[in-house]
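One chain follows as structure tokens, the form predicted alone.
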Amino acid sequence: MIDIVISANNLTKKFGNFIAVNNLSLEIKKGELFGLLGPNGSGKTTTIKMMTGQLKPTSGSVDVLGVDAIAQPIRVREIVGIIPEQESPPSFLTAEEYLHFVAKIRKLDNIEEKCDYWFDFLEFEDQRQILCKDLSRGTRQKLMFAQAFLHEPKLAFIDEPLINLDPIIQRKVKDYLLGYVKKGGTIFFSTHVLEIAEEICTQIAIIDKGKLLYQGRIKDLKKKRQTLENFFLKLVKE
């Protein structure tokens, strides 16, 4: 039996007269590394915020891991991992204090062991006693990545996952995400960097001006000998 982990139906978000997301319907299965692609301002971040209960839709519905994200927004955020577009750990905590805080809020066991793993894996052990406000953008992104996966969620939402990371850490993160879905997890991430999506995604959706233009599998594009870049540009221009 195929598990549906995200089901969005006619999802719409208006800000005054501006329609940020327009009647979007998506269905994501367990084990996908799903990329939501689109130009800047196309509605990617707004979509993620609605799916994770951070923003109430104007209309439509969205279920995440069987939970109604509109009726139970806090429950959704309890069970998924979220990496926002902007790295925003509390400025008054050190990196270590922040991870410990997240672990305690999530009532995790073996907190030290879990935190040690991420400081080592993402190579910022020497930054763990630095206040978050003094960390570089890349290190803050490492910290936000660590907090999202600290509780080993079944599903993670990531907004622009690699944009501030150096090539070495980018490779580590890509490998981690690929391994994560092989073990049965699901990733939903948004990006406008097409090379990343083409390299690691199993499935993509393309949106522009809040509307869904395409949803399909990367391997189907490759069978047609189309690059994602050419396909994307043609679709968006049309």
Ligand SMILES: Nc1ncnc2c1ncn2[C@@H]1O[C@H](COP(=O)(O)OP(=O)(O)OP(=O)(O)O)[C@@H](O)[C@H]1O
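As the structure is a prediction and not an experimental result, all values here were calculated from the model. Numbering starts at 1 and follows the sequence shown.
Same protein, other form: the form predicted in complex with the ligand, not shown, and the subject of what follows.
Mapping the unseen interface onto this chain, residue 45 counts among the residues with a heavy atom inside 4.5 Å of the ligand in the predicted bound form. Taking the partner from the other structure, the ligand in the predicted bound form has a heavy atom within 4.5 Å of a heavy atom of residue 20.
Taking non-hydrogen atoms only, residue 172 never approaches the ligand to within 4.5 angstroms in the predicted bound form. Mapping the unseen interface onto this chain, residue 60 falls outside it, with no heavy atom inside 4.5 Å of the ligand in the predicted bound form.
Of the candidate stretches 181-189, 34-42, 196-204, 63-71, only 34-42 has residues whose heavy atoms lie within 4.5 Å of the ligand in the predicted bound form.
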